[in-house]
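Next up: a single chain in structure tokens, the form predicted on its own.
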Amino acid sequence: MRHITSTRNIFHEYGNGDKTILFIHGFIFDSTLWQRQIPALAEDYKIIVPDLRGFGGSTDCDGMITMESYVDDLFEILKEQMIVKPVLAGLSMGGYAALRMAERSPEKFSGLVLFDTRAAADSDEAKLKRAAGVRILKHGGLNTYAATLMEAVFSAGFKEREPDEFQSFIDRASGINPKGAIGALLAMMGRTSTISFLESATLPVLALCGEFDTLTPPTEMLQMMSNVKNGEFHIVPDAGHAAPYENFSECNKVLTNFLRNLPF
């Protein structure tokens, strides 16, 4: 493993394969979200796992972020590391960033993997919820906010099976820079829809959704994928919104099968 610093981001590199996967974490996670994918993939692929601006080791954040800021940072990493035709994989907010990267330059990628995410822009109701979150964070409520959000993210089964892991996610989320969380909420609130891109794209697309995901439910993701030309959709049993962590064995099996068939 190598820890590398780009202009704005800390990122981690695993494996020595000539085919690359860029994993993009969700809100309010960091790169550790993907630690259960690395052992299954590092022998055959190079894996790039960044901390988005304001999360994990990427502490350079003033709270004023757009989705384009994240996307610019990620393109910068690919350029600096001279990475050609990677697969993009993102969860939730990371899926928003992956979709927008692919929309901006589809010819630069070999495939797209979407975990527990959506292509639609925020509804008015969702925007108001994010605005309420900004207010809470500005008034010092990060600990309560993080605990409440993680309670909704993870399935009941995961919390029962792995209480220490669940608590560790709460602890890490409670320790981030509040400006990073505020910036992320603003970025998600202001992002554009990528529905038309996704439905017209020729890139191979794999979508996975936790069976018990209440934030981006399977019915919603199934609808999102219904008109995708070159896509496949899988429901991950016994998992919530953090499916690749909660049921990593099932996710890794589906993911490796998808990657084997890609024209890198």
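Residue numbers here begin at 1 and follow the sequence given. Given the structure is predicted, the values throughout are model-derived calculations rather than measurements.
One more form of this protein exists, namely the form predicted together with a small molecule; it is left out here, but the text below deals with it.
None of the heavy atoms of F212 is located within 4.5 Å of the small molecule in the predicted complex. The small molecule in the predicted complex is not approached by G54, whose heavy atoms all lie more than 4.5 angstroms from it. Looking at G26, you'd find a heavy atom of it within 4.5 angstroms of the small molecule in the predicted complex. Remark: V87 does not count among the residues lining the small molecule in the predicted complex, judged by a heavy atom distance of 4.5 Å or less. Screening L78, L137, M188, I176 for any heavy atom within 4.5 Å of the small molecule in the predicted complex leaves a single hit, M188.
Proximity to the small molecule in the predicted complex, defined as a heavy atom within 4.5 Å, singles out one entry of V71, M93, A102, I182, which is M93. Picking from 228-236, 41-49, 192-200, 26-34 the stretch near the small molecule in the predicted complex, with a 4.5 Å limit on heavy atoms, gives 26-34.
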